[in-house]
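First, one chain by itself: the form predicted on its own, in structure tokens.
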């Protein structure tokens, strides 16, 4: 395990983070997060003995890191930093073999045991088939896996990673983090990784270390951090940027600079993208009838929409139907998102049809036929075009000439 006692760290006499007391157990994947320049990299380098602590002690498996010789330290801690490594002529296997230096002699000759560990590390990161490829020929994601394999070839008790997925595309980020977590558990090693991708940290990490305002707070789980309001407090989110604890996502509220309000009949997640599109385009919106806890309910609330809500697991009541129809009457148009319909929300279909009967332009997104629909569209570009057409005409629905949406007589 890694254990620190009253650790203060920084550069020279300047303390950046003080009084760090953390413990990380074998088999745990711990993510270090915090604002830029808070000291995340400084903490990792101090844990790895690349920086000397200003005060306090770092222990690994009960041994004070400061007392270890370089080869002893390398056999206990593997480190992958953000620096781009240029190894133009070496093969993948040769790069990984560099991790065996704590065990080889002065000549660096590899034994059979060394070669087995190189192959094991390559297998752990899923690159055994690329062993003979040149390192310089690999993608960024593959290169990062190679560098992690090099650290694993050291047979470390702890793996310290500084922003291991920063330069990768979304798919590669997830692949690398899933691989790291799997290896952490299979090898029963400590993994401490700093991440800028907070959403991934909240989903991947077993525990969190928060570095902020010159100190460190450890959370036993990402869920504890979320329920404590951590994301909002840590990153100074406010009125325009909100964190949804239910979805563990950030929602952006754009300025609503259009006069028109749009009513959305949704449910079951069918409306979330519509809300975000309307918000991005500057429309305010109302929506309903949504059951409390529905994903559409959560997203609409986060974006500041007016939500006509019903209690969870209850059929939509006549009172809520009247309330929703009154709200729809005050809106410039109604969008029906073709939500999945069951016994509890079947009234929503009638709500859309009633709004159309009362003269609201009804746009149906998706395949479900609704009486009185003005337009039926199959895509978000068509939906946006329909809203723009309504805005330009600002009249009661007529059958438009042309356009990609399918027009229907009321």
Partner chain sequence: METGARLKQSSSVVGSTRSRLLILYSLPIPTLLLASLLIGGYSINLQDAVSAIVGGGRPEAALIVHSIRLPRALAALFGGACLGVSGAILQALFRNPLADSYILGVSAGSSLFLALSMLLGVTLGAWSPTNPYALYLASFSGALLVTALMTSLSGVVRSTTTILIAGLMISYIAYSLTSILQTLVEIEKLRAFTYWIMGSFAGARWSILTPGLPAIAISLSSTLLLAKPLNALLLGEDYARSMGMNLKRTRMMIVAAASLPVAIVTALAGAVGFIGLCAPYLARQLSRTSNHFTIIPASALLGSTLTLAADLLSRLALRPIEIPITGVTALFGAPLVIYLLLRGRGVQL
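Please read all numbers here as calculations on a predicted model, not as lab measurements. Numbering follows the first chain given and starts at 1.
Absent from the display: the form predicted in complex with the partner chain. The rest refers to it.
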| item | value |
| --- | --- |
| One stretch from 143-151, 325-333, 196-204, 251-259 that, in the model of the complex, holds residues within 4.5 Å of the partner chain by heavy atom | 143-151 |
| All of 291, 308 and 361 within 4.5 Å of the partner chain in the model of the complex, heavy atom check | no |
| Partner proximity in the model of the complex: residue 232 to the partner chain, non-hydrogen atom cutoff 4.5 Å | no |
| 4.5 Å heavy atom contact, residue 68 to the partner chain in the model of the complex | no |
| In the model of the complex, residue 175 touching the partner chain (heavy atom, 4.5 Å) | no |
| Non-hydrogen atom contact residue 268 with the partner chain in the model of the complex at 4.5 angstroms | no |
| In the model of the complex, the one of 79, 211, 190, 125 near the partner chain [non-hydrogen atom within 4.5 angstroms] | 79 |
| Option touching the partner chain, based on a heavy atom within 4.5 Å in the model of the complex, out of 93, 303, 274, 159 | 93 |
| Sequence-ordered list of residues in 127-148 near the partner chain in the model of the complex, where near means a heavy atom within 4.5 Å | 128, 129, 131, 132, 134, 136, 147 |
